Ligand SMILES: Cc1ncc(COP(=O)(O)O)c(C=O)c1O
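Heads up, the chain below is alone and in the form predicted on its own; it's given as structure tokens.
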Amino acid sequence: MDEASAMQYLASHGHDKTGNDVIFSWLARYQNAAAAGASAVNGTIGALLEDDGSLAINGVVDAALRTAPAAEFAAYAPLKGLPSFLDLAVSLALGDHRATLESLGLHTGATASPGGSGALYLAASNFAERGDAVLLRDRYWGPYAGFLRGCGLKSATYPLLPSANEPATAHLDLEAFSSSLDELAKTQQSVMTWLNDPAHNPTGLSLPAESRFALLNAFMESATRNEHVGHTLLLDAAYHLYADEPHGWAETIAEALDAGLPWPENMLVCFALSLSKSHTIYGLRTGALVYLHPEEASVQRLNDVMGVTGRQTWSAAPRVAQHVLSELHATEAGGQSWSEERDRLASLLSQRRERFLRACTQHGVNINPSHDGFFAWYECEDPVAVAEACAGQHVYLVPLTGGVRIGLCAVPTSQVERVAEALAVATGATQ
């Protein structure tokens, strides 16, 4: 008897949910090697580790959490989130450009979610018709596919890096993006694209200002041409507060409006925020979906829609971090203390990236452009073979579609060169 016949209580769409998470399976291989006494390097996970291998924790956030009243741990949060936290989420998304954007006529709203994943779910379940394809780069965080599939959606992709028609420094294939957008707009009632920028997972790529402006302009033009097709630009900002330009998108949007680019009524811009990384509270599952639109009534309607979606899915997002972080950032001293510790962690990531890129150059490893955040990327045709060859040297990385992800967030600074050396050996072995 096959599984489908034996498990008649499982719905047909449930049978598609198979397999183990590739990241955690490779983490387990590292842990097994280390437990066996090997001098192993961990480049698998997406959490920031100190150089001694312990989880990097923002001490300012940790201290604030430990003094929170018991009721803030135990009580429900409002379904849409604590008002003070929703205000903070908008500020974290837009930074110093918030006042400018609001003065230019944009209204802002937000809904609390269980982590950045919850924010992505809110978007997937509300901004695309079932059966639609959501536009992604062809290198993306693997769980995107599951979020979309779980909401009855598909994906369409465009190349991560520019073609010969685009300058390499743009880090954007604008022609392919625009063409893909046009195709979707012709066949769908809604068009949504998810753009993990800055500090893209899995590559560490960040778009420069001119590319952000060009992409936003292309999106605005598509919405204008296709006035009866809803357009949603979702910016996955999971790692943005570790980037050199953490609020570059807010700045670009302000520049576009200041330059007179019209904001079509059928266009929405969203930010999916994760406080897991920025505030080192991964397990407290705190995030938000922030949205911008020139019509206040539209924003108010979205607040209702997202609140109902949350209620029907996870009820309310956890309360304690919403309260603590709102209180922490409410004072200049608290925000500054958090920022100083965040800067220390960002500097740790920058040191590792600079050493890694330099070592790759020295060893002839053709690593992808990488600027910010937790990861770097080696593009290759046989990622599993490369990862296995590295594992043979007790350097553990993650093979994904089209390449190998290097978790610089987890690699001790002193071991970064060893990762480049392992890749050099591995790529020589597979040529």
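Please read all numbers here as calculations on a predicted model, not as lab measurements. Residue numbers here begin at 1 and follow the sequence given.
Not pictured, yet referred to below: the form predicted in complex with this ligand.
Colleague: Okay, which stretch from 232-240, 93-101, 154-162, 306-314 lines this ligand in the predicted complex, with non-hydrogen atoms inside 4.5 Å?
Modeller: Contact criterion met by 232-240 only.
Colleague: Just checking whether S117 would be counted as a contact of this ligand in the predicted complex - the rule being heavy atoms within 4.5 angstroms.
Modeller: Result yes; S117 sits at the interface with this ligand in the predicted complex.
Colleague: Does the 4.5 Å heavy atom contact test between W249 and this ligand in the predicted complex come out positive?
Modeller: Although this ligand is absent here, W249 would stay clear of it in the predicted complex, with no heavy atoms inside 4.5 Å.
Colleague: Does any part of R285 reach within 4.5 Å of this ligand in the predicted complex? Heavy atoms only, please.
Modeller: Although this ligand is absent here, R285 would touch it in the predicted complex, with heavy atoms inside 4.5 Å.
Colleague: Even though this ligand is not shown here, does S211 get within 4.5 Å of it in the predicted complex, heavy atoms only?
Modeller: S211 lies outside the contact set for this ligand.
Colleague: Pick from S222, S276, T193, Q322: which residue has any heavy atom within 4.5 angstroms of this ligand in the predicted complex?
Modeller: It is S276.
Colleague: May I ask you to choose, among Y121, W141, F356, Y291, the residue with a heavy atom within 4.5 Å of this ligand in the predicted complex?
Modeller: None of the others qualify; the residue that does is W141.
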